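First, one chain by itself: the form predicted on its own, in structure tokens.
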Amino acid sequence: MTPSVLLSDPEKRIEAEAAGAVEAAPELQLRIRGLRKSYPGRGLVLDGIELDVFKGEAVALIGSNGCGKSTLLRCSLRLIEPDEAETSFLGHEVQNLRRSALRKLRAKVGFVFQKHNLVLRSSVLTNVIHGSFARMPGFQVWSQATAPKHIREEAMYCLQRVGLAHLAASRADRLSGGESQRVALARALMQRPQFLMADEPVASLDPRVGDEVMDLLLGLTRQEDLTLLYVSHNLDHALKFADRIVGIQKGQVRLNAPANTLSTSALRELYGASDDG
């Protein structure tokens, strides 16, 4: 660890940086300040949220039902408009973006949700190809029949990454829950994202399959040098698959700590979050 004197003395820090003794600061990819969001009949759900997420991190959001975890994800890219917020995402001031620029930013973020949102009557390969919509909109990527060869090959590679290349020709409505979520992961990879968001990605899966999908999600994040921000009610998953855990209570961040410094019992006591669903 760099001696504190180097951090407090500008001249010594400059000398140390020139000598390679001080590591470069990690890239800040998501910065949220003063995020407030209310809903009619519910009042204020998020009350001045502040959050930083750095490149390459896996960050878990935890908290009791209705505390605003999913709302936070959506507000960060204005999928839901916040009441107030200053948000910088991948170098863009989100609140200032017009519709076209906002679409381009969203194209850089892969989303994985509890509901897999596959086109059930289409093939697995076609569903993965749909991940390229954001970067090359048009009729060509509506199905595997019309997609260019290089797109079909890229989609097959994404399926291979999640272990489902052998199901490329199968209809999506014939998949198990775990297979469907793997296809959703492949579709997200097809976006060529810089950042992944996942909202309770394994809540509908049985524990064994849920562990497998989370292990795959984190593994792909590491292999592709991505950043992951995910919501979980499973405290064991938060501890096992995150570098850092952020706990939300009464609309504010009440915990922000490395996962390896925390325990399931401490999280349950502090946040009343359930670890069984």
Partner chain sequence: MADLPPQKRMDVPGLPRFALYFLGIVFFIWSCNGANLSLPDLIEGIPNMGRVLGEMSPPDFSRISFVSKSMLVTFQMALVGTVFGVFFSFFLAILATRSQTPSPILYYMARFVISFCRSVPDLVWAIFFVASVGLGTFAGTLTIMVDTIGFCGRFFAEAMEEVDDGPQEALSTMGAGRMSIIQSAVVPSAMPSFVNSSLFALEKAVRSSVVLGLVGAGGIGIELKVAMDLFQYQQAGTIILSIFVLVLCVEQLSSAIRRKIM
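On a predicted model such as this, the values are computed, not experimentally measured, just so you know. Positions refer to the first chain, counted from 1.
FYI, the form predicted together with its partner chain isn't displayed, but the following is about it.
Engineer: Going by heavy atoms within 4.5 Å, which of 202-210, 137-145, 175-183, 162-170 lines up against its partner chain in the model of the complex?
Structural biologist: In short, 137-145.
Engineer: Classify R152 as contacting or not contacting its partner chain in the model of the complex by the rule of any non-hydrogen atom within 4.5 angstroms, answering yes or no.
Structural biologist: Although its partner chain is absent here, R152 would stay clear of it in the model of the complex, with no heavy atoms inside 4.5 Å.
Engineer: With the partner left out here, check for me: in the model of the complex, does some heavy atom of R98 sit within 4.5 Å of its partner chain?
Structural biologist: Because no heavy atom of R98 falls inside 4.5 Å of its partner chain in the model of the complex, the answer is no.
Engineer: In the model of the complex, is there a heavy atom of its partner chain that lies within 4.5 Å of any heavy atom of R74, even though the partner is absent here?
Structural biologist: R74: contacts its partner chain in the model of the complex.
Engineer: Could you confirm whether F111 comes within 4.5 Å of its partner chain in the model of the complex, counting heavy atoms only?
Structural biologist: Residue-level check for F111: yes, a contact with its partner chain.
Engineer: In the model of the complex, does every one of F54, S88 and H92 come within 4.5 Å of its partner chain, counting any heavy atom?
Structural biologist: Not a single residue of the candidate spot has a heavy atom within 4.5 Å of its partner chain in the model of the complex.
Engineer: Output the sequence-ordered list of residues from 111-134 with at least one heavy atom within 4.5 Å of its partner chain in the model of the complex.
Structural biologist: Counting only heavy atoms within 4.5 Å of its partner chain in the model of the complex, the contacting residues of 111-134 are F111, F113, N117, L118, V119, R121, S122, H130, G131, F133, A134.
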